[in-house]
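Here we start with a single chain on its own, the form predicted alone, put down as structure tokens.
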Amino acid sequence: MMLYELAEIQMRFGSFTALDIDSLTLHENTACALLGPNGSGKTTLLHILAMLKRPTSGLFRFMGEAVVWREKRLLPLRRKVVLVDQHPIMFSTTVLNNVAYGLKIRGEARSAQKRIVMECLDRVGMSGFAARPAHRLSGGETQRVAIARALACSPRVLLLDEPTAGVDIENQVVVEKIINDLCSEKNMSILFSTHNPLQAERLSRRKVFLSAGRLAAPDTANRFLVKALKEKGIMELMTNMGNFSRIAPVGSFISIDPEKIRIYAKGHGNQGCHTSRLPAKVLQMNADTDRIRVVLDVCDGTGDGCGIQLTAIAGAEEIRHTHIIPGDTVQLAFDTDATVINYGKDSRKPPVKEPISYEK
């Protein structure tokens, strides 16, 4: 059965178009990954799919029924869909009471509430935390409790916005296992957003790519909207890559070729022709024949990862000489032709690619 059908969907905020989707269909009982750079419209789309935000225009069907944006018509549909935000909010009470909240709102019998809550906490490995204050949990623990809270409502559709963003490595593994286990269940569809193509490959059967609010081909790794340059992390990235004075305004984006990013172990002395370096943390490494795909988190001025992810692809022998492993901090350098400016449909410049100058 068709789960979602979207046609000519737009979400506008004043003169800015955050989402512009010509046509998108998603089927039931499948796992789908939503990929794209910061500002591509992933969270906006999830909020529309959760029926929490009404699109400015377009046709939106859920389970074959055209969605009518009136509260009484929305309520029964919303009860079939649960969205877990990237940064879930916990009430200042116990974990048990947080997970039971949706059951209370939906009028579930009190005698059944604790049983359902404990079953859901057990599924995410948090049954021993039932009496703990929920607002004092770590980021990874909070994410797992939020998933348990969503599961307690027995949704037909589970939406997850960046479920492992800002989560430590140990909890990332646990959250991914939870998602993978849920994907094997009947009568549940899962759609999650991620910056990580390897995570999408592991956990999903279908991938949807967004760029600048529009559906895009699956080549959007290392693409950054120019309008996002002032976001934390993006500025560090661009400052360390040279002179960006010729970057076009809103409507354009920067693309960085993953095969032209050089990785050096921290403290490595040979800089070669590269005039500047950028610190980053290694998140994941994946072997593909004689090449290694490395997913990195750009570090901010304090040395912490700031959530801006880059993908680098290098020869297996080149990576082997660095002796790096996930969790290491490394230095990145960029070939002089690594980056191009792509002028999008909303830019006043022509749709051509222009190499960026690295002269300082």
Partner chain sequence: MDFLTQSLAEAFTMLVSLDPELYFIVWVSLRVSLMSTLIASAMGIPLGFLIAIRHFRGKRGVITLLNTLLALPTVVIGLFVYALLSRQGALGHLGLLYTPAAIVVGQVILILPWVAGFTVSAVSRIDERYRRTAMTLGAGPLQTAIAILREARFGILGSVIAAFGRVISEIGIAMMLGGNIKGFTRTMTTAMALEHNKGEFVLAVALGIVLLAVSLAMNILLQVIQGWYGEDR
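Numbering follows the first chain given and starts at 1. Note that the structure is a prediction, hence the values are computed from the model and not measured.
Not on display, but discussed next: the form predicted together with the partner chain.
- This chain is displayed alone, yet in the predicted complex one of 197, 279, 140, 88 has a heavy atom within 4.5 Å of the partner chain; that residue is 88.
- In terms of contact with the partner chain in the predicted complex, the residue from 78, 123, 206, 202 that brings a heavy atom within 4.5 Å is 78.
- Stretch-level contact analysis of 32 to 40, 330 to 338, 47 to 55, 317 to 325 against the partner chain in the predicted complex, using heavy atoms and a 4.5 Å limit, identifies 47 to 55.
- For the three residues 92, 105 and 153, a heavy atom within 4.5 Å of the partner chain turns up in the predicted complex in every case.
- For the chain shown alone, residue 114 is not a contact residue for the partner chain in the predicted complex, no non-hydrogen atom being within 4.5 angstroms.
- Remark: residue 266 does not count among the residues lining the partner chain in the predicted complex, judged by a heavy atom distance of 4.5 Å or less.
- The closest non-hydrogen atom of residue 71 lies within 4.5 Å of the partner chain in the predicted complex.
- Put simply, residue 149 is close to the partner chain in the predicted complex: some heavy atom of it is within 4.5 Å.
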